[in-house]
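The chain below stands alone, shown as structure tokens; this is the form predicted on its own.
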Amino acid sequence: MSNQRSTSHDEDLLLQNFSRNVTTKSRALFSGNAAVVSAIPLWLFWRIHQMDFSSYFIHFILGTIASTYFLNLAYQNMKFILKHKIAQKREEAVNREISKLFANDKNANKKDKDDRVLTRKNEVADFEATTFSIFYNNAFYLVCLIILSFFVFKNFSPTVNYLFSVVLSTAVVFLFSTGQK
């Protein structure tokens, strides 16, 4: 019975490592970054496009909330795509690292070593996928926002410029994050 439970526990752990669910730490990191990056257009349109903050308060709040939500989803999608690729690329380096740790330990068996390698590989892949997802999506969002705001919608009214720039930038980033390659 205990062997069945440990197998079930190992299977649950493996499924958790490869699921789309993100940890609480990653969720908090994604939400905080999405909120900060989504607030950047507020300054851009308030100071550069001369939109009065009190007059366009509702527009700013709705745009920021929508942008925050979809950037958060884009972070999660990109992390899921990248985690497996990074895990494959880092497997050899992690294997060497763990082999050095277990080199002096004569009592360690192969199963313990393999479990340690899998755990460490998933930790490294999770961290790297999280940070790269945030970096890539933020850079892509801000570049899209600037291009749309200053070049595509420059002749439109500030309200239309803000709404279309923020919504389309967020939509493009979100759609690109759903791709598989």
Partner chain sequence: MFYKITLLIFSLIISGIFCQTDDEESFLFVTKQTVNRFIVQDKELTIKYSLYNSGPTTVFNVNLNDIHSFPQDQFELLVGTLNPKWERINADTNLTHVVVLKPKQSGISNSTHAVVTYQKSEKNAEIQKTYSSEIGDVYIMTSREYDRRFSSHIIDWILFTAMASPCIVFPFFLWFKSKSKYELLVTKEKSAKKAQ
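Residue numbers count along the first chain shown, from 1. This one's a predicted model, so the numbers in the text were calculated from it and none came from an experiment.
There is another form of the same protein, the form predicted in complex with its partner chain; it is not shown, and what comes next is about it.
Contact here is defined as any heavy atom lying within 4.5 Å of its partner chain in the model of the complex, and by that definition not a single one of 57, 61 and 76 is a contact residue. Among the residues 148, 66, 118, 142, the one placing a heavy atom within 4.5 Å of its partner chain in the model of the complex is 142.
Of the heavy atoms in residue 131, some are within 4.5 Å of its partner chain in the model of the complex. Contact check for residue 113: every heavy atom lies farther than 4.5 Å from its partner chain in the model of the complex. None of the heavy atoms of residue 81 is located within 4.5 Å of its partner chain in the model of the complex. Its partner chain in the model of the complex comes within 4.5 Å of no heavy atom belonging to residue 27. Residues of 23-45 placing a heavy atom within 4.5 Å of its partner chain in the model of the complex, in sequence order: 36, 37, 40, 41, 43, 44.
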